[in-house]
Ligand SMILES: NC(=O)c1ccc[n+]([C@@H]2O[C@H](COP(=O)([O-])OP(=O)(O)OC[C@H]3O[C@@H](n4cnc5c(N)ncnc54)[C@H](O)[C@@H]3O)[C@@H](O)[C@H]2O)c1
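Single chain ahead, written as structure tokens, the form predicted alone.
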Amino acid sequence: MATIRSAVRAATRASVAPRFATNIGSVQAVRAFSSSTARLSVREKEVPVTTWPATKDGPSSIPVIPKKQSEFEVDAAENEEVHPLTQEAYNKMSPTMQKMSVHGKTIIITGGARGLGNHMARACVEAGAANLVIFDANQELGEAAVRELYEKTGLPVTFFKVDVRDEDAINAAVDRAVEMYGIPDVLVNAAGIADSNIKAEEYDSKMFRRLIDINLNGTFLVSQAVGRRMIAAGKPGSIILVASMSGSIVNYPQEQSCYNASKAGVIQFGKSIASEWAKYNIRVNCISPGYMDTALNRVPALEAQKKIWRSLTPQNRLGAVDDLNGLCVFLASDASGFMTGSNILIDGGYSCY
């Protein structure tokens, strides 16, 4: 029995729960740079931006593209209170704890309108971030997210409607964020999608291109845009890529070869630019979650698989939506100053088998 169980465990390697890019004050439009290069993604001529507190220009109207009902599902914990780190509290912290905060830092988070990205954004606020910028493709959820964060914390929060496949939109949004807050200290790449339970021989090539374009190309484009500006300004920084344990192992029982390949690419890309950009004092590390209990995983169709995922995880549970927060803050902070090129698994012990 032990041999059989061991064999099953060895065959079962997990994917991260689906994470989708999500994208909230005063709304303006940032004109994107023009380019003659053809891309698979739909280009945006203007990048909507929403800022809280509102600017003197006030809000302007932005058309909202209707979303499927399932795309509006949120994690219940997202309604919890957010407690920003005050200057008074920071002053009372020991030097070690101060170093483990992100006090005074400007942080950009892609896919930060909901799910794991949103929880990491909240964690950065509680750890002392001075300014928070969210990039996301979902206009309605993005506006709601930054409005809520500002109302709960009073922290300057800005949302840019950005599809991470659109290089022009990314560059325009990063440039505007730099104008508003200066060169960012931290970038968290959390935007991504997942296709699962599709056999490799039946996987549609257009779906594969879309997944790679968002998960891998999007990570490259945003990292490049922010990294270039850090390098040009001589600004040290931390770039955090949200990958997956699926980038290191193969999933079971679901088939999702293309998702796994995209996350393996993210991990290797992270190691590569960590090596290249170390001379600029820019650190790059990956977070690789295991199975996470996000709203997008709470569907009846996945219940049978979730029982298997839990049974093959030593902690016998899925990750909570805030289980990445501590590592995200640590990697963003100066406490991880001698750490770059790492890929850290947060999977409840799943990959031990």
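The first residue of the shown sequence is 1; numbering continues from there. If you're wondering where the values come from, they're calculated on a predicted model, not measured in any experiment.
The protein also exists as the form predicted in complex with this ligand; that form is not presented, and the subsequent description refers to it.
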Just to confirm the contact call: exactly one of 179-187, 200-208, 224-232, 259-267 touches this ligand in the predicted complex at a 4.5 Å heavy atom cutoff, so which is it?
259-267
Report the residue, out of 146, 240, 243, 102, that has at least one non-hydrogen atom within 4.5 angstroms of this ligand in the predicted complex.
243
Find the only residue in 294, 285, 51, 313 having a heavy atom within 4.5 Å of this ligand in the predicted complex.
294
State yes or no: in the predicted complex, is some non-hydrogen atom of residue 273 no more than 4.5 angstroms from a non-hydrogen atom of this ligand?
no
Within 4.5 Å, heavy atoms only: does residue 155 come near this ligand in the predicted complex?
no
Please tell me whether any heavy atom belonging to residue 122 falls inside 4.5 Å of a heavy atom of this ligand, as the geometry stands in the predicted complex.
no
Residue contact check: residue 193 to this ligand in the predicted complex, 4.5 Å heavy atom:
yes
Stretch 130-156 - residues with a heavy atom within 4.5 Å of this ligand in the predicted complex
136, 137, 138
